[in-house]
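Below sits a lone chain in structure tokens, taken as the form predicted on its own.
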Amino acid sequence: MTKSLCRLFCGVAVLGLLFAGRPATAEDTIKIGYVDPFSGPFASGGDEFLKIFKVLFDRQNAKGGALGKKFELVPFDDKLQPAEALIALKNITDQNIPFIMQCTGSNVGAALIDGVSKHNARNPDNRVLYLNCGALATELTNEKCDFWQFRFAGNVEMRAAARIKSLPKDVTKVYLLNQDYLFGQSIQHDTKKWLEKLRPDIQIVGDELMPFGKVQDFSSYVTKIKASGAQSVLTGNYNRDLNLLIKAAVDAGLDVRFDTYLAHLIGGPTAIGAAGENRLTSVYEYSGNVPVDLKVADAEKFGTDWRSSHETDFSTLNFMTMLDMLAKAIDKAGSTDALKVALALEDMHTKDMVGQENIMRKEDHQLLMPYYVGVFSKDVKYDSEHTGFGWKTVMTASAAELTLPTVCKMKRPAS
């Protein structure tokens, strides 16, 4: 044998020994591809969720993961663009990652429902399960429902029911301002629906859809709100679109309530500060004061531990519930196969960290869970974002109260 051939075969043999002694990474961990904005105007939300998931993955792995394996988080930046999310989906399926998780943007969520469904139909041996933890438009588990999507967050209509039910009786004039894309349009529609249903005495004095993520100066909107005579601004705006609106309102001395859907998320409390006392409200899955109200010491400790190392609040209890349910489903299925895990998730009942019941409804794969409405107040044990003000719960809507009808007509796989 020539020296060159010897070098070739010897090299191949060494590589073979190296790979033989190293098991495939996919067999070492259970990977979850995480798609959210990590660049662009909404990157702060994606970055914050990433920090939360790192803590929650560590928690789940400390409990044993699933099938004796640890979960591994694999992030992909979608820039809050559907096209970028579909590129991420292709990367995830190319790497044989069995789960895709996404928490921001109903426009992205709608694209992923369609993309995952088409991929799974074409590739029955490489199917993926879409774990929706924050694409909230009601349509996604109604008209656009799909077997391969499970939504681990309350939809807009569930939130709207809680939102309108909590409005004080002396509020009779409201201004609707929402982002002009699927989520904001869903907020607009369902807010009107529940106003008509629960508070027909309330007059809508303004109703606008604004460009999503593009407005830099909200002073013209504040001027219109002031001129309308509104007592409350009902808005689904979040992240920069909410924070800039609130900042402009504070700068202009606008004296109205902000009855929001998402002000408890990153930056909202800081943007309004003392000006929000007793007039900023939000609908949320959780706040640090919920376990205080319910007297659940372990959950309260989780919150104090979180506050000791983070500038922001822990409010996404549904993320924890999602990982708990997923681990339980994988263990029940004895596999990470998308179909087997999906069947195990259907109709799953579990208790969250504060002992409240959560149910994954089989008909539409919508998580049924309690929601809380809170007002920004000094009268709390734990403040928010170190502002001196925190979320004081003024209403609780149970999972049973928020079990609303669905129009989902789900097509189920044959096998």
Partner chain sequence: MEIVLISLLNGLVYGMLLFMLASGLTLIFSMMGVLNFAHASIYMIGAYLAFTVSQVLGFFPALIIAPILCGLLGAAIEIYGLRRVHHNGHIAELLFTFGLVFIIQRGVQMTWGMLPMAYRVPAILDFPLFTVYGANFPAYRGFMLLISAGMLLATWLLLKKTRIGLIIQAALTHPQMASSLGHNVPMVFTIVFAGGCLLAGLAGVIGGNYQTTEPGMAEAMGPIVFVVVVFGGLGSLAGCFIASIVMGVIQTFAVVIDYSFIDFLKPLGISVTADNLLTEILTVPVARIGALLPFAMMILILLFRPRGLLGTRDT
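Since this is a predicted model, take the numbers as computed values, not measurements. Think of the rigid core as the biggest set of C-alphas that the two forms share within 1.5 Å after superposition. Positions refer to the first chain, counted from 1.
Only in words, not in the display: the form predicted in complex with the partner chain, which the text now covers.
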| query | finding |
| --- | --- |
| Among 43-51, 63-71, 361-369, 348-356, the region lying within 4.5 Å of the partner chain in the predicted bound form by heavy atom distance | 43-51 |
| Selected contact from Lys90, Lys169, Arg122, Lys214, since only one has a non-hydrogen atom within 4.5 angstroms of the partner chain in the predicted bound form | Lys214 |
| Partner-contacting position among Leu244, Ile202, Ala162, Ile113 - heavy atom within 4.5 Å of the partner chain in the predicted bound form | Leu244 |
| Exercise: Gly334 in contact with the partner chain in the predicted bound form, heavy atom 4.5 Å | no |
| Exercise: Ala329 in contact with the partner chain in the predicted bound form, heavy atom 4.5 Å | no |
| Contact flag, Tyr221 vs the partner chain in the predicted bound form, heavy atom cut 4.5 Å | yes |
| In the predicted bound form, Gly273 touching the partner chain (heavy atom, 4.5 Å) | yes |
| Those residues of 163-185 which, in the predicted bound form, come within 4.5 Å of the partner chain by heavy atom | Asp180, Gln185 |
| Rigid core fit then Ser220 CA moved by 2 Å or more between this form and the one not shown | yes |
| Rigid core superposed: His119 CA moves 2 Å or more between this form and the one not shown | no |
| Core fit, then Leu177 C-alpha moves 2 Å or more between this form and the one not shown | yes |
